[in-house]
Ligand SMILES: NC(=O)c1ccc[n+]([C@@H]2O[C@H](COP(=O)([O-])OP(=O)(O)OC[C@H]3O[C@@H](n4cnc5c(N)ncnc54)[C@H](OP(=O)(O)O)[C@@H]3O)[C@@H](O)[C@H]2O)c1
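One chain comes next, on its own, written as structure tokens: the form predicted on its own.
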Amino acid sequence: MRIGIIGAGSVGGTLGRGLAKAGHAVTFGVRYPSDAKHSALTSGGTTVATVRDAVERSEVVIVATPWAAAQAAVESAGDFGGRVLVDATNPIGPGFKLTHGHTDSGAEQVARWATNARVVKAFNTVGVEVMANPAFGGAKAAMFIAGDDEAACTAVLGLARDLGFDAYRLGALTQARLLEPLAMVWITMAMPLKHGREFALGLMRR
């Protein structure tokens, strides 16, 4: 699958490298593709282009910017032409608090910013260490996604499983109102409570 990634930071870079390793064609969309700082992104068969070019080359686009940069990044992409847009951001604002709560979500806000995109929430509930390696012995980290379009969700579930996650659809995009607070549970345990970053949530059954 052809994947575009808007954002060249740790989250975007980790997802891009993992998806390229899984056999997908990955293009990073950045503001200045010729900037030497992006040279590391081209290892492993990935390419770098403008945000608009990355969208045009892709079937699925992932936005993986800090929340403060998300609106400008999404709007700079132009018309998504019905493509799947994966929102991997968390709407964290001043005071390290969510800017959207249980009556709205960052993902729904991204959907309002994006033109002609099928938005799916995913990849926001763990840190980059787990994104790079979701395996915990014989178990896998869980990755929950949410979206309104069934085909879009199926595609994103496939990408999550290609990365090594135990992936599940939680329901409609409004369920991002649960996933974004869930991300704060991981963040709180990892940093303020000092459990480190090498842990994830999973499902146990009997």
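Residue indices: 1-based, along the sequence shown. This one's a predicted model, so the numbers in the text were calculated from it and none came from an experiment.
The next section is about a form of this same protein that is not shown, the form predicted together with the named molecule.
Open item on the list: Check for me whether the named molecule, as it appears in the predicted complex, comes within 4.5 angstroms of all of S10, V51 and A72 - heavy atoms only.
Closed with: Checked in the predicted complex: all three residues contact the named molecule.
Task: A160, A141, A64, A152 - the one with a heavy atom within 4.5 Å of the named molecule in the predicted complex - done: Checking each option against the named molecule in the predicted complex, the one that comes within 4.5 Å is A64.
TODO: Counting only non-hydrogen atoms, choose the one of 172-180, 52-60, 30-38, 144-152 that falls within 4.5 Å of the named molecule in the predicted complex.
DONE: Residues of 30-38 come within 4.5 Å of the partner.
Open item on the list: So, N90 and the named molecule: in the predicted complex, are they within 4.5 Å at any heavy atom pair?
Closed with: Judged by the heavy-atom cut-off of 4.5 Å, N90 is in contact with the named molecule in the predicted complex.
Task: Partner proximity in the predicted complex: R197 to the named molecule, non-hydrogen atom cutoff 4.5 Å - done: R197: yes, in contact with the named molecule in the predicted complex.
Open item on the list: Residue-level question: is A132 within 4.5 Å of the named molecule in the predicted complex, judged on heavy atoms?
Closed with: No.
Task: 4.5 angstroms heavy atom contact with the named molecule in the predicted complex for Q109 - done: Taking the distances in the predicted complex, the answer for Q109 is no, it never comes within 4.5 Å of the named molecule.
Open item on the list: Need the contact residues for 108-130: heavy atom within 4.5 Å of the named molecule in the predicted complex, sequence order, or none if there are none.
Closed with: Contacts from 108-130: F123, N124, V126, G127, V128.
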